[in-house]
Each structure stands twice: as structure tokens, then as C-alpha cells.
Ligand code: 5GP
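To begin, one chain is listed below as C-alpha cells, in the form predicted on its own.
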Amino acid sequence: MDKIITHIKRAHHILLASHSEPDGDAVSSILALGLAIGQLGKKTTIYNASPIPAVYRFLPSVERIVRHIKKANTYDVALVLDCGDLPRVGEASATISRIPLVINIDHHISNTGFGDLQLIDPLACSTAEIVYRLIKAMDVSIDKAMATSVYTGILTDTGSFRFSSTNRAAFAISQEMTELGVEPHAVAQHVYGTYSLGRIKLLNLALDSIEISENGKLSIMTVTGAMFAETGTHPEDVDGMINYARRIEDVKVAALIHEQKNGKTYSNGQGHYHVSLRSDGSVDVAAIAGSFGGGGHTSAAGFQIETSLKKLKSDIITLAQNL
């Protein structure tokens, strides 16, 4: 950690990035650390390839997140957070790989160890926990804006303290963040309490799409481009929907197939899909995602793939035979 801090303090312009299709931890981590580094007088660019889900747009300075970056020689250091593999950053991954120093900060056990320096702790409840430690070690005072992001990252990545990743630090850090002014009910209201009418309609279509394997141990939820068009919603509105498929009685693994646009034109029923996987804790979905070129945690993982929806569903259903 000391070496990472030394490089941060020597740098003039630092890029912070997290994985595309970001969750609460990814968004919160780049914002909290970006604000902290800003207090050191450093120039920062905060990047994510995807639109930020509506439920996280309340976070302080979220408007600073950009979706495009400049040439690699613009930056001295790149901090890549909550990302198990550099390509998960998205289209900017090639540019980031050419930045003089790439620092990998993550808590995914499936992290590939990319970058020049790594700060990886699979025992951390979230990347936000690691960011909290790093900010403390940098001797930066955590203000309410940073605290809000740290708290939100921990809250969302522990499933409101329900997931097995929840550790003592999750509660201790959250308590400290509330003492710095974070209001848990306000954060919860933003993250869990407010939905647009379009998102409710999208959820209704997604629930209707659920398919269950013959043995009842695997569920598949599908969200297509046509569903977005019908409901006037956006890809970020999918955030959290997989939990409905995961909570079905007797289901051990839930999969959410999310059709994505990436500028390509497909034929023969082919498409580009992001697949999120969740388990009840008894199945290692990181291993499953890894077999498709993805990664994640034991109970939460994902991958991207170009194939037909029919074949993708067939491949996923086949997994149920071993559950």
C-alpha cells in the first residue's frame, strides 16, 4: 500500500476507472477515492464506460464520471477499481494498458492480477472497504461526500449486510461513516426505495421471462433490447433485478441475461449479452463465469458473450444438471 500511495502522491494526472455496467461498489469506489486524491491537489479523471444506474446518481460528484478518456500519455497513473480483469473496463481498456503505471485495486477472488501494482484483498467485504483503508493511509480526512460513497459501496456489495461477504469491518466502517454525517435511511431510499414507472414495467416483463430448469435449481431471467424500447428504459435500469430470480424457492443459481448494444450488426440470431450470475452460497458462480471468460465472487459473478439467445439459454440450463 505504501508504494501505491507514493506513486499517487508523485503523479500529476490520475485516471480512476471501474468495470462497465457498474454496480454500487464500482461507482462508489471510484468516487470516494477520486475525491480523496483531489484533496491531495492532484488532477483526476473518473471514468466508466456505461451510464451510471439511476439509483446511484445521488452520490456526490457523480456528474464527474466521464464515458470517454484521452490518450494514454495524458495520465501518469491509472487506478482500476473493483475490476477482476482489465477488459471489463470496456472500450478504454487498451488505452489504460498503455498508461505508464496501472494499479489494480479489487476484492474479487477471481482477479487476474493485472497491472503493475496490485492491492487485492478477497476477504474485504467490498472494494469500498479497501478504498477506505487506502484513504486513511493517505492521511486524507474523510468528509461527508467520501463517507456517503464508502457507505453506499459497502451497503450494496454486502446486500444490505445480508451476504456472506459481510464482515466486522463492514459494520465498523459503516458506523464511522454515519458519524461523519451519512444518513442510512436517505441512502437506502435512493438505492432501494424509488423506481420510475418505466422500470416497474421493465421489471414486470423481466419477471414474465423467468424460466426454471427441470430440477428447479436454476432460474433464468432475460431482458432484451425490445423490452427497453417498449418501456422507455435504459440498460442501467436492470440493476438489482436478478435478485427476484435468485429468491425463488429451491433455486440455487440465478442468471440474468441482458442484451446489449455495442455498435455491431449481428445476423443469424446472434447478439451481444451480459450474463449476471447469483447463487444462494452453495454454488461457486465465479467458477461458472470463469468458464465463459468472466469472473467475480463465489456468490456473485458475470461474463459477456457473443452468441444466439437460444444457445446461451441452452448452455446455462445445462449447468443445472450439476446443481
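Residue positions are given as counts along the sequence shown, with the first one as 1. None of these values were measured; they are calculated from a predicted model.
The same protein also exists as the form predicted in complex with the ligand; that form is not shown, yet it is the one meant from here on.
Q. Which single stretch, out of 42 to 50, 287 to 295, 29 to 37, 58 to 66, brings residue heavy atoms within 4.5 Å of the ligand in the model of the complex?
A. After filtering at 4.5 Å, what remains is 287 to 295.
Q) Going by a heavy atom distance of 4.5 Å, is residue 300 a contact of the ligand in the model of the complex? A) Contact with the ligand, yes.
Q. Would residue 307 sit within 4.5 Å of the ligand in the model of the complex, counting heavy atoms only?
A. Outside the cut-off, so no.
Q: Using a 4.5 Å heavy atom cut-off, state whether residue 121 contacts the ligand in the model of the complex.
A: Close contact is absent here: in the model of the complex, residue 121 is far from the ligand, nothing within 4.5 Å, heavy atoms only.
Q. Taking 4.5 angstroms as the cut-off for heavy atoms, does residue 76 touch the ligand in the model of the complex?
A. Residue 76: no contact with the ligand in the model of the complex.
Q: Output the sequence-ordered list of residues from 74 to 90 with at least one heavy atom within 4.5 Å of the ligand in the model of the complex.
A: The stretch touches the partner through 85, 88.
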